[in-house]
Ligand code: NAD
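Given next, in structure tokens, is a single chain: the form predicted on its own.
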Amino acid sequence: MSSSQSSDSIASTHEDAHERVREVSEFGAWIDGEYVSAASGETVATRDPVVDEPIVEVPRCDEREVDRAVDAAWDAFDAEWSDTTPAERSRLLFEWVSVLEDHVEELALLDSIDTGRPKSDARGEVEGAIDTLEYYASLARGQEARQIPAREDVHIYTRHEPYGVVGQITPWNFPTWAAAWKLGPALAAGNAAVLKPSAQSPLSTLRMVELAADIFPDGVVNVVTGTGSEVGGPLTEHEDVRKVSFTGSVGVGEHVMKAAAEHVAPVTLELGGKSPFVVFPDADLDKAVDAVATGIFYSTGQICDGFSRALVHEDVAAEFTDRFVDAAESYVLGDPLDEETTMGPLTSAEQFETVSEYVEIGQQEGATLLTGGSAPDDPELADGWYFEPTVFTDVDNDMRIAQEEIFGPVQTIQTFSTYEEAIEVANDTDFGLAAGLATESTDIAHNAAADIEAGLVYVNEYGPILSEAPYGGFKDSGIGNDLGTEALDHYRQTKSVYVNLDDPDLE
């Protein structure tokens, strides 16, 4: 289903939105407490995927700005930030949260216009980012070390200390939330940060950090804009970056890991996914269909943990498939700034081409296309990178569409007959980020959650993603965790202190 707005109306709405965006900020690279331009003088445009027009130009930085940002971060850490107490860092994070709460609608607009996500979803992302920062503001003050009672003649205790300066790289699909996932635990642990957002969607991250200008000391948080090769590479290779956290593709993650290894910097990697959702024969199909549809069509399928593989028991496969196709065809494609829109465009031309190619591959492999598979036949949406919700059946697990991450609104449906087959097929992938299952049996739920190789397992729903729970993948889906106390641990080093004790003597 498509939007009722005319293409002229959409174009006019977005032209006005671009003007509002340009009035918000100058959107430079944020280094040492101020916006700066690239030394090269070059810029890169962030484009609106609804109308395929540039929104603003941001600096196309290179290793010179990375060096400048890392130096600024170390200066801030050495001069002031390293001396802050957990309580002080907690207070500053809460202050940032308070400021961000006053700018939810503004940040949601930036996120929506930059990524194509419906504004209602973008608003939810901003609220999720604020909740994440609030969680780490709370956690900062509760940090504890321990005393180790090994022997009576030695007092042993541990200290948790920050790395100093950390490098962080966030993806284009969830820019606001991903920035909070990285900055929240890093700052709570006492680090200074240099963050590189995606060149495709940097606006909300830049504005978030600008809103912290009068809260954190200059240089504690820096954002360097530009391409992966010109900024991401120098950041991960930088010898003065003591810890690297990256969210993105497996291929780039491998390069990040190799670059960090050259100077023995630990890494946290949150990479791709090809997440199964297993529908057992006793499942509530209303819940199952809703969970799978939300899990693959939210954010136009551009989600790392999206339920892109539905594994359905043969007894309920026909009914599930009919209901799921109806659900797919119920999405309203349209202007993300219209509150009635439930699906916006893909974020870029490149992603549109990728999804289109995979649909062709699926058909060539012999899968049956039930619905979707192309851009909507709607002239009102012709300027944007829209792609219809797409459903394949008759899918074998060795097909590329069942094994490779498409990162778009493309669902495959496979069948199984036994519990053992369901688990085998669910685990027959290089990825292990997330999984889901639908069942009314606690026996099946708990056993399947244990047997499936994934870092997250959702039962009868898609989500929620809560700040309190660790988020990370198995196998090629990554190393370490975002969120939870685990993320805080990734930004701290542990030191053991031995104090040798003699017998007490007053003489």
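One rule holds for the numbers: they count along the sequence shown, beginning at 1. What you see is a predicted model, and the numbers here were worked out from it, not measured in a lab.
One more form of this protein should be noted, the form predicted in complex with this ligand, which is absent from this view; the next part is about it.
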| property | result |
| --- | --- |
| Stretch in contact in the model of the complex with this ligand, which is absent here, among 116-124, 394-402, 185-193, 249-257 (heavy atoms within 4.5 Å) | 249-257 |
| Sole residue of 169, 381, 109, 137 within 4.5 Å of this ligand in the model of the complex, by heavy atom | 169 |
| Listed residue (371, 227, 82, 356) with a non-hydrogen atom within 4.5 angstroms of this ligand in the model of the complex | 227 |
| Any non-hydrogen atom of residue 304 within 4.5 angstroms of this ligand in the model of the complex | yes |
| Residue 97 within 4.5 Å of this ligand in the model of the complex, heavy atoms | no |
| Contact label in the model of the complex: residue 233 to this ligand, heavy atom within 4.5 Å | yes |
| 4.5 Å heavy atom contact, residue 429 to this ligand in the model of the complex | no |
| Heavy atom within 4.5 Å of this ligand in the model of the complex - qualifying residues of 251-276 | 252, 255, 256, 270, 271, 272, 273 |
